[in-house]
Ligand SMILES: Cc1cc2nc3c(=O)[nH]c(=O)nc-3n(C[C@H](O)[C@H](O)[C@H](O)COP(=O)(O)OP(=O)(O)OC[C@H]3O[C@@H](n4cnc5c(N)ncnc54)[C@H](O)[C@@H]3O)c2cc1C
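The data below hold one chain only, encoded as C-alpha cells and taken in the form predicted alone.
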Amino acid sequence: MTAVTTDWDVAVVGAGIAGLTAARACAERGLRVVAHDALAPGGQLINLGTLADWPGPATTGPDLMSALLTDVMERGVEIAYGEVTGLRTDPLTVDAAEGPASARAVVVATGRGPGRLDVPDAEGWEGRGLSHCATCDGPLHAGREVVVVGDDEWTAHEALELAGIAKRVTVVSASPTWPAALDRRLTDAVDVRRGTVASLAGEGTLAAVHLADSDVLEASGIFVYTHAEPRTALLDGLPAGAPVWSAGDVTGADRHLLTAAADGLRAGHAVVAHLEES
C-alpha cells in the first residue's frame, strides 16, 4: 500500500447498518476509518423492536446495533458525532462538524429521509398524529386504532410492531402487487387495504383518515413510509471517477436490513480494492 498523508484512509458518512458494515470491511484490512453520524450511530436500527427477519437468534434493533458498534470500534473505527455538510474533491475532503478532514476514499450511507404523505397540510399533522416511527410513537396510541401507509417490507415491519401496541392496525397500500409474503407475516390484528389516503381530519389531533374511495378510517395515528427519498445531497455534483461510494438506502435500494448490510459490505470491499491498487 502506498504511503498516505491524509487524515483518514476512509471516511464513512452515516453510521447505520450499511455505513458500519462498510467501515468494518475497511478496518479489518488495517485501514484508518472514521464513521460520521449527525446524531448517534444506529440509523433506523435504534428505532426497531424485534427483528423478525434477521437471521440467527432473535434480537432487537438496538441490540444488533450495539453489537455492530462494539465490533467496529474494537477494530479501530473512530466514531465522529455531528453533521457532515459537504464533500470536496482535489483533494478529497469531508466537511464535518469538527472541521474539514481529508480522506483517500469516502462511503456515503446517509439513508433516506422520513416518509411523505401527499395530502393537504400533511406537514401540519406532524406531532398531531402523523409519525414515521412505530417504536418511538406507537405507545402513544396504545389500545387505539392506527393507520400505516406504505407498500414495502419496512411497512410490514412497522405494522407488526404497532400490532403489539394498538387495538387495530390498517395498512393502506397503493401497490396492486403488495407481496403475498408480507400478508402472511401480518397478524389478525392487521388489515390491508388497497388504495390511497385523500385527507386527514381531527380537532387538534388526528381522529380520522379519509381514503380516496370515500371510506373513512377512525385513527388516532398515521404512520407514513411512502415517498421516503434517499438523502443524496452529498453525492450531487461530484465529478466522475471521484473515490466516493454509496451504500444502503441512499442508493434507492429496497428498505431491508439484509439489503443494507450486504450493500455496505459491497461498498467496503470496493473501497479496499481501490485503495490497495492505488
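All residue numbers refer to positions in the sequence shown, first residue = 1. Please read these numbers as outputs of a predicted model, since none were measured by experiment. Between two forms, the rigid core is defined as the largest C-alpha subset superposing within 1.5 Å.
Another form, the form predicted together with this ligand, is not on view; read the next lines as being about it.
Colleague: Looking at 235, 217, 34, 51, which has any heavy atom no more than 4.5 Å from this ligand in the predicted bound form?
Modeller: Comparing distances to this ligand in the predicted bound form, the residue within 4.5 Å is 51.
Colleague: Heavy atoms within 4.5 Å of this ligand in the predicted bound form: does residue 141 have any?
Modeller: Output for residue 141 is no: heavy atoms all beyond 4.5 Å of this ligand.
Colleague: Even though this ligand is not shown here, does residue 112 get within 4.5 Å of it in the predicted bound form, heavy atoms only?
Modeller: Within the cut-off, so yes.
Colleague: May I ask you to state whether residue 231 is within 4.5 Å of this ligand in the predicted bound form, using heavy atom distances?
Modeller: Yes, residue 231 is a contact residue.
Colleague: Is residue 225 near this ligand? Define near as a heavy atom within 4.5 Å, in the predicted bound form.
Modeller: Because a heavy atom of residue 225 falls inside 4.5 Å of this ligand in the predicted bound form, the answer is yes.
Colleague: Look at the stretches 168 to 176, 75 to 83, 120 to 128, 201 to 209 and give the one with heavy atoms within 4.5 Å of this ligand in the predicted bound form.
Modeller: Careful reading of the contacts points to 75 to 83.
Colleague: Let me know which residues along 143 to 159 have a heavy atom within 4.5 Å of this ligand in the predicted bound form, or say none if there are none.
Modeller: Read in sequence order, the residues that approach this ligand (within 4.5 Å, in the predicted bound form) are 154, 157, 158.
Colleague: On a core-based superposition, does residue 153 travel 2 Å or more at its Cα between the shown form and the other one?
Modeller: Indeed, residue 153 is displaced by 2 Å or more.
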